[in-house]
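To begin, one chain is listed below as structure tokens, in the form predicted on its own.
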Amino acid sequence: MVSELDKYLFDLRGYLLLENALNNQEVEDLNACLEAIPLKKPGAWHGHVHSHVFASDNEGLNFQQIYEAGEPFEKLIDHPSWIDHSKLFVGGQESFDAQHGPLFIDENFASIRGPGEAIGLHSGPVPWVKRCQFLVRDQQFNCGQINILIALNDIGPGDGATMVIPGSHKSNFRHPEFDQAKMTMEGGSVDGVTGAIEVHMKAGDALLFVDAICHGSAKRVNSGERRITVYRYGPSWGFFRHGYRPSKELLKRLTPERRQIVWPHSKIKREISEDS
């Protein structure tokens, strides 16, 4: 259930911290799946999981299509800790927008970062982008994309925590520090950006945020790894951010509800008759 306080705080801040979204066993199972993936260079494949970087080697290594990595990651597709929040904040559940299903995951990945790695400040409502929009009309949410970022280990001070600028999803102006070289996607972080805060998380916590909020991460200075996974939800009429597609094997083993979110784009079959 989504509380009235959840709605108020999400509208106000652009994010929610869902504490204890996963239990200890779920976190353990997810980490075991990650351990089974060889740490390879970007571009390598492990089954249907792809090793990948967004823009710079300083951002750490991503594993795209992580729901292909095993049943523990499949469970996250419609996990009860956040699926109702995602439906409500994406919106359109009683409209034409949901004719093919409630939601669509256009990207899902796990991320591992070590010392010195971070990702720069990005996103925000200026310039306006459909995918990143935040809109409330008649007290109904209509957001282009809702991100669920799940901590797979504890992330505290010095661990490279996700950073957000609360309320920036409603800003009418571009952050004046946005373009400074140290904050670019080419290897900077969000450390020192006016208004940005670190969101510290325990393993199993989930950070829900609208993609319109300005966000990034602090640079990790501690030893060890920062491990997270991210699922991005939008309306069912959306499509994949990258060129990935779910495998036939995954679609075959998913529950009907999960398959509807992963692949809502069903094809109309033409019936051949004698007079066609």
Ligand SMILES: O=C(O)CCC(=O)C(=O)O
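What you see is a predicted model, and the numbers here were worked out from it, not measured in a lab. The numbering used is simple: start at 1 and walk along the sequence shown.
This next part talks about the form predicted in complex with this ligand, which is not shown.
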Practice task
State yes or no: in the predicted bound form, is some non-hydrogen atom of residue 100 no more than 4.5 angstroms from a non-hydrogen atom of this ligand?
Solution key: no
Problem - 4.5 angstroms heavy atom contact with this ligand in the predicted bound form for residue 34 - result: no
Practice task
Evaluate residue 216 for contact with this ligand in the predicted bound form, applying a 4.5 angstroms cut-off between non-hydrogen atoms, and reply yes or no.
Solution key: yes
Handout entry: residue 48, heavy atom within 4.5 angstroms of this ligand in the predicted bound form
Key = no
Handout entry: Answer range among 227 to 235, 39 to 47, 247 to 255, 25 to 33 for contact with this ligand, defined in the predicted bound form as heavy atoms within 4.5 Å
Key = 227 to 235
Practice task
Tell me, out of 202, 122, 170, 174, which residue has a non-hydrogen atom within 4.5 angstroms of this ligand in the predicted bound form.
Solution key: 122
Exercise for the section: Counting non-hydrogen atoms within 4.5 angstroms of this ligand in the predicted bound form, say which of 83, 132, 193, 149 makes the cut. Expected result: 149
Problem - Residues within stretch 197 to 213 having a non-hydrogen atom within 4.5 Å of this ligand in the predicted bound form - result: 209, 211
